[in-house]
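Take a look at this one chain, the form predicted on its own, written out in structure tokens.
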Amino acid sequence: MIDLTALQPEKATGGNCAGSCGNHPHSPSAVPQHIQEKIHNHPCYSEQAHHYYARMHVAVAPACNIQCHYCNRKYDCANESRPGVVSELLKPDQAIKKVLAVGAAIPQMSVVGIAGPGDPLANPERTFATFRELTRLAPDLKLCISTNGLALPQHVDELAKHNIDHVTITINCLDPEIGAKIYPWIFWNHRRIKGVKAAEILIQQQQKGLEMLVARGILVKINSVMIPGINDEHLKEVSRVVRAKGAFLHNIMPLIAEAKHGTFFGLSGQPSPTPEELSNLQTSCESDDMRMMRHCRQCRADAVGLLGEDRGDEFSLEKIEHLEIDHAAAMQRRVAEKARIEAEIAAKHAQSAQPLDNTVQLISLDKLRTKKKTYRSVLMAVASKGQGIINLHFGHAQEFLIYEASQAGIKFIRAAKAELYCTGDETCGEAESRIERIIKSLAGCEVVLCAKIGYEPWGKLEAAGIQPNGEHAMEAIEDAVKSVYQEMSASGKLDEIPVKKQTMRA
């Protein structure tokens, strides 16, 4: 058993605001300036950036040095969207060619990461060969890596050498007894180790690597998989300890446990957390100096494009094989596009809504008086294809962004995956079953904001207690959510207790 007192320094070190931030932890102003400068165009680290900037994962790391009960790496698979899955394994030279092709076609791309399908640091030669060439040929792109942490300490110096200033470590526990329920084995010092001893080694290496990264000024995001009944309550302690050690962002993700994926947890009937359970845990772990990442999409190891979309099929090796790319011109276009995006974000920020006004004007017979009134919060689902605006037809949405509106302001909660309603060849029966599944994915929401919506789904949503709204097309999401919330408060709807909706397991 590891002594947890050894895992918590007396003071927070580096990479966080040490409790000095008085603003909402999701707002840019709640992030120290030196961190904000590093993450402002990183879609996986900045909640704002994920609306505008694209990322790319290159699948150059096939081998893994641990086994997780929630993981089943699949190669040559185009039909699943989850970590560890890829359509093509790449050699470093192929990865470079693909990155340059994507960077020329998607000028808003800002980040290239290596996240699998195995562990990048279990494949150090392939990983660092890729980084070396990208640093030379596309120096404007941020480079980052996601690792289980087992081999992290021995590679921290090499990571720092390549200007990799964003590292994600997956840490699911601090207790080896819990770890033994998640990891059946690790491969360490040329031999396979199992059980509690394996988990103990892994935890020690993860913590050592975290400390070394923070000491070098490298930003660290922690990923944790929430597994009900195993580590869900324990993750509060994980969040507290990694925060004290200098991690600045914690991404608590739901376990993906459908049997069809063939994982141990999936086949053994281990449940996934409900969206409500996940949100409650994230909220309980959130603080001024530990932000929660709520916009994670649990991307494939070869994802391309904005978060929530995958354009990987457009850039298969076969399709890019004979492309001739002017690398210098492509980089100039990326630089110009980033400048345009930054100007757009700055303009929107200057006009951004202040905390919602909770003052209600009441007219009496003899005078106009002002009275403070408290309203409940409301969850709203938004259909968007990026740029931070409501620009997607309800029937074309494959995910909805869930926002909470309250008197304190607008807060992003999560992304809810949904089945595509409009398929082009649907029958009435199929459409009806799809809308029912979409409604289940929006459990807890009272409003859906979209660019357009058809008559049939409108009626189904209303019958389920969810009000469709197409009046704010092409408006900024936060402004539209605020406007609808204020309309609801003025109409008295926020004085009512909403109909309790069924919570579905993810």
Partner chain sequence: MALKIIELCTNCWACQPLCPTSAIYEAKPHFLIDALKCTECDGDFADPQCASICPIEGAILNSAGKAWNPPGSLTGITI
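Values in this document were obtained by computation on a predicted structure and should not be read as measured data. Positions refer to the first chain, counted from 1.
This protein has a second form, the form predicted in complex with its partner chain, left out of what is shown; the following refers to that one.
This chain is displayed alone, yet in the model of the complex one of Arg192, Lys236, Lys417, Arg333 has a heavy atom within 4.5 Å of its partner chain; that residue is Arg192. This chain is drawn without its partner chain; in the model of the complex, the residue among Leu255, Leu278, Ala244, Leu89 with a heavy atom within 4.5 Å of it is Leu89.
Of the stretches 448 to 456, 56 to 64, 435 to 443, 461 to 469, only 56 to 64 has residues with a heavy atom within 4.5 Å of its partner chain in the model of the complex. At least one heavy atom of Leu267 is located within 4.5 Å of its partner chain in the model of the complex. Contact check for Arg126: a heavy atom falls within 4.5 Å of its partner chain in the model of the complex. At the 4.5 Å threshold, heavy atoms of Gly262 reach its partner chain in the model of the complex. Heavy atoms of Gly217 never reach within 4.5 Å of its partner chain in the model of the complex, leaving it off the interface.
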